[in-house]
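In the form predicted alone, a lone chain appears below as structure tokens.
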């Protein structure tokens, strides 16, 4: 059986890491749309059209047993259209608002995400459903995903910029202090250790990756579909830009994504034009 994990770059590797621990024995196909990164800079209509075009190619080529859309911005935008077009189970990722509301002792927590994610109605709906008794601070970080991508590729990042990006998450009032920050972008978990160093006080950082992996397992268990044959035996990575940057290759290889698929990469690159 195969599971396709889709992200705007290499941030979805945080989800792949958890998925491997839960979805034992699956072949993973990791697709990073680095040519379209970062998604937070896009307007909704062209981004929707781009992602649908990518999936038209990917689904026809791989026909996976399940798909994890490991990008908050994409998940809040694209999932209804994908589920309408395909019968394959699609599992999205959303900010961990429900567990944050359940665990917050002060009732003050922040959602750290891209500007697109914090503006989505789906994010507001989660707050309305699960966190009406809490004070929820929505923080749209404009530079954090790019910082995380650079950090993962082994490049130096500016701590001052990182500190500025997370500073609005920390709120102090008569009610108390922010005690939880839920990470609304799959890139962010790779920066958690750096963010802890810069935080004005300790908080819990919630990463929804494990919950997404378990939901994918449940979907596969509930599906009656016959596992599909695959031409690939190893886990593979496909980057939409087709660039063979050494730093990115090193990161993908370190996650065991040693296979590449030149044919599908060339098809995705046509969408970039």
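Residue numbers count along the first chain shown, from 1. Keep in mind that what you see is a predicted model, and the values were worked out from it rather than measured.
Form predicted in complex with a small molecule: not shown, discussed below.
Contact with the small molecule in the predicted complex, defined as a heavy atom within 4.5 Å, is made by none of 96, 123 and 182.
Listed stretches are 211-219, 39-47, 242-250, 60-68; the contact stretch with the small molecule in the predicted complex is 39-47, by a heavy atom cutoff of 4.5 Å. Contact between residue 110 and the small molecule in the predicted complex is not found at the 4.5 Å heavy atom cutoff. When the small molecule is considered in the predicted complex, residue 178 lies well away from it, no heavy atom lying within 4.5 Å. When contacts are judged by a 4.5 Å heavy atom cut-off, residue 114 counts as touching the small molecule in the predicted complex.
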